[in-house]
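There is one chain below, alone, in structure tokens, taken in the form predicted alone.
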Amino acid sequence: MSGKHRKVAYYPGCALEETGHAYNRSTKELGKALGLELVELENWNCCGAMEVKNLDPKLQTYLSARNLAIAGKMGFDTVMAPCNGCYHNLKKAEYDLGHDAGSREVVERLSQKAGHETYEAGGVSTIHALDWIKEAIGEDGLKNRVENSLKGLKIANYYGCMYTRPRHIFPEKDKGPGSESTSKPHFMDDLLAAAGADCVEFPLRTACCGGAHTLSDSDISTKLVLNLLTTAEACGAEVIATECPTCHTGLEMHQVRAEKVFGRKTRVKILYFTQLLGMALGLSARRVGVQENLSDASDLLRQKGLG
């Protein structure tokens, strides 16, 4: 086991407090099972997500920078954000503060007004939950801990569009062997394959799920999700593994809506990768929050000896 990321600051973000609660639960339970420690940021705030960013990008940069400042004040040089949107926004804030004087001026001014230290780029690194497990435990570490193999479970791994875009805010990616790829990410495939899963080739692994359009144009979102669902099934997948609460919720909701509105029924199940790894380590489906998912995978998991 690598000593890297054994103990990190944890930024759950807003979604994991609500609709993505199962992701929050399974991430924490998986960490415990692997002997890893998550220390939640004290008094954290929303990262700015879509709404604030659309109103004022520099205000969003400040909101994300405040979270990074909290991590630094707590003595951490690494913060783990399991939500793609949060991960993306914290990474973008880091990039903007390192490259844009206007962003630095706004963050400094608002930080002084709020009465806390101004975050300076380079103080804290942001990692995703996939980086956390991959670098702290790795494939070999997972293989040695598997108690209930995912063997025979065909999985399409869905990373979503914000995990790798835009490329310039992820300087640690595309560094050759061992690093994550922005064009064809593979960390989730690597981890689930180590747990015994049969990861199918899924060409839409980074396609957009339409999450940002759910309220403004539900039909567009439903059609984008339906494309993901039908493609996963065409690739032979029984499960789509997710690593973002917005993507996960969108896939679940629009799978139901696709049947009701467009008469298109799909049977592929939606599960967080942390739920799947947790079950592979011997944790019960209930302990990793499978019962909280809208997508009912209970029959499939029982068939595979995972229920």
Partner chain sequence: MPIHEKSLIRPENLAIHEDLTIEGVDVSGHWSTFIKSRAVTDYNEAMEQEIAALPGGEYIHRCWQCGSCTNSCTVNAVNPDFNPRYWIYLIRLGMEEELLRDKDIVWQCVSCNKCTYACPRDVNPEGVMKATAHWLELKGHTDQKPSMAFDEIFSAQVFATGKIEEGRIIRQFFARTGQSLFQDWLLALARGLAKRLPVGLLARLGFAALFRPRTSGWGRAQAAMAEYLGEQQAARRSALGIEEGAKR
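On a predicted model such as this, the values are computed, not experimentally measured, just so you know. Positions refer to the first chain, counted from 1.
From this point on, the text means the form predicted in complex with the partner chain, which you will not see here.
The partner chain in the predicted complex is not approached by Ala33, whose heavy atoms all lie more than 4.5 angstroms from it.
At the 4.5 Å threshold, heavy atoms of Arg66 reach the partner chain in the predicted complex.
Among residues of the shown chain, Gly85 is not one whose heavy atoms approach the partner chain to within 4.5 Å in the predicted complex. Mapping the unseen interface onto this chain, Val290 counts among the residues with a heavy atom inside 4.5 Å of the partner chain in the predicted complex. Interface residue among Glu201, Glu147, Glu117, Asp217 relative to the partner chain in the predicted complex, by the heavy atom within 4.5 Å criterion: Asp217. Only one segment in the set 149-157, 162-170, 130-138, 72-80 has residues whose heavy atoms sit within 4.5 Å of the partner chain in the predicted complex; it is 162-170.
Residues of 110-127 lying near the partner chain in the predicted complex, listed in sequence order, are Leu110, Gln112, Lys113, Ala114, Gly115, the criterion being any heavy atom within 4.5 Å.
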